[in-house]
Ligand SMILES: O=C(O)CCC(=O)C(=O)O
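Let's start with one chain on its own, the form predicted alone, as structure tokens.
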Amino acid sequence: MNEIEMYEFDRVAYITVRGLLTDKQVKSLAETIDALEEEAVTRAAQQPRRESPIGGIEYHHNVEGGYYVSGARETGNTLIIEDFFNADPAFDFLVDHAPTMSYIDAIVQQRATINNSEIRIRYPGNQTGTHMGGPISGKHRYGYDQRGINCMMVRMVYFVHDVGPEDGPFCVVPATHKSNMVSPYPGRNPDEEPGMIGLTVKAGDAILFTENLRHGGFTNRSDRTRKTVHIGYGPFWMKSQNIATMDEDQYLLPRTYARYTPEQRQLFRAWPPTLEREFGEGEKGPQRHDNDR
């Protein structure tokens, strides 16, 4: 993360990273997402189901595939697939992806771990309501201290195809991470909120932002489905921020854990003791770094 990127991230709370993924990586992700979508849409309304710990949303739990899915493939709707790392090894390169981690380690002062993993498939007519912004404490806050930027939860959003102005681009109200007031505008329609701007991207680009920023997704007015990969990061003590497993331990299947290198395993906060014993991590899991305090 260079000096200009650090300055811009502190100033407006997001940056667009051009060409973060290679053409080969984009092609692999796009094909894997397409295949996973075809499976997930047939399961989204099936049993077994569970309600999110924060209420309001039900997910189908694909026990074999190790993922949670909600939504439907229809106009105006979104299909959300969480814990996608369990679903296919093609996603493994995104765990400890060196170009990504160079950004994360620059803005999360404590040892960073993955706390969110979701694929968002937004069909024509869909929008994502605006949220966050203003004074926020706790796990979503943005901070700055004598050591520099000190973020809690941040996200990297990867794009596997171009997203233009009519394709439901990710949108933000810049610099609202530093606002001392909550948004006074009624409703959550991003198309109607003053100050909201859409961020157009090319395949292979990524957007990094702090959850403290007011953000959402403009209405997809095109006839193309918009597909993105989200990975959230924060300090090692933060549990899952996926909606289906909010504030629970990260959900990794044994076979997923077995694929990972020690460095990749370190990016997940905790594992069931059975996995720790099987793979030699010890009952206390990986050791904390000095800056974990």
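The first residue of the sequence shown is number 1, and the count goes up from there. Just so we're clear, the structure is a prediction, and the values are computed from it rather than from any experiment.
Omitted here: the form predicted in complex with the ligand. The next part is about that form.
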For this session: Have a look at Phe209, Tyr103, Tyr158, Phe84 for me and say which one sits with a heavy atom within 4.5 Å of the ligand in the model of the complex.
Result: Phe209
Exercise. Looking at Gln109, Thr128, Thr200, Asn77, which is the one with a non-hydrogen atom within 4.5 Å of the ligand in the model of the complex?
Worked result: Thr128
Exercise. Thinking of the ligand in the model of the complex, which stretch from 69-77, 93-101, 138-146, 117-125 has heavy atoms inside 4.5 Å of it?
Worked result: 117-125
Problem set entry | in the model of the complex, Arg226 touching the ligand (heavy atom, 4.5 Å) | yes
For this session: Answer yes if any heavy atom of Gly216 is within 4.5 Å of a heavy atom of the ligand in the model of the complex; otherwise answer no.
Result: yes
Problem set entry | Lys239, heavy atom within 4.5 angstroms of the ligand in the model of the complex | no
For this session: With heavy atoms only and a cut-off of 4.5 Å, decide whether His230 touches the ligand in the model of the complex.
Result: yes
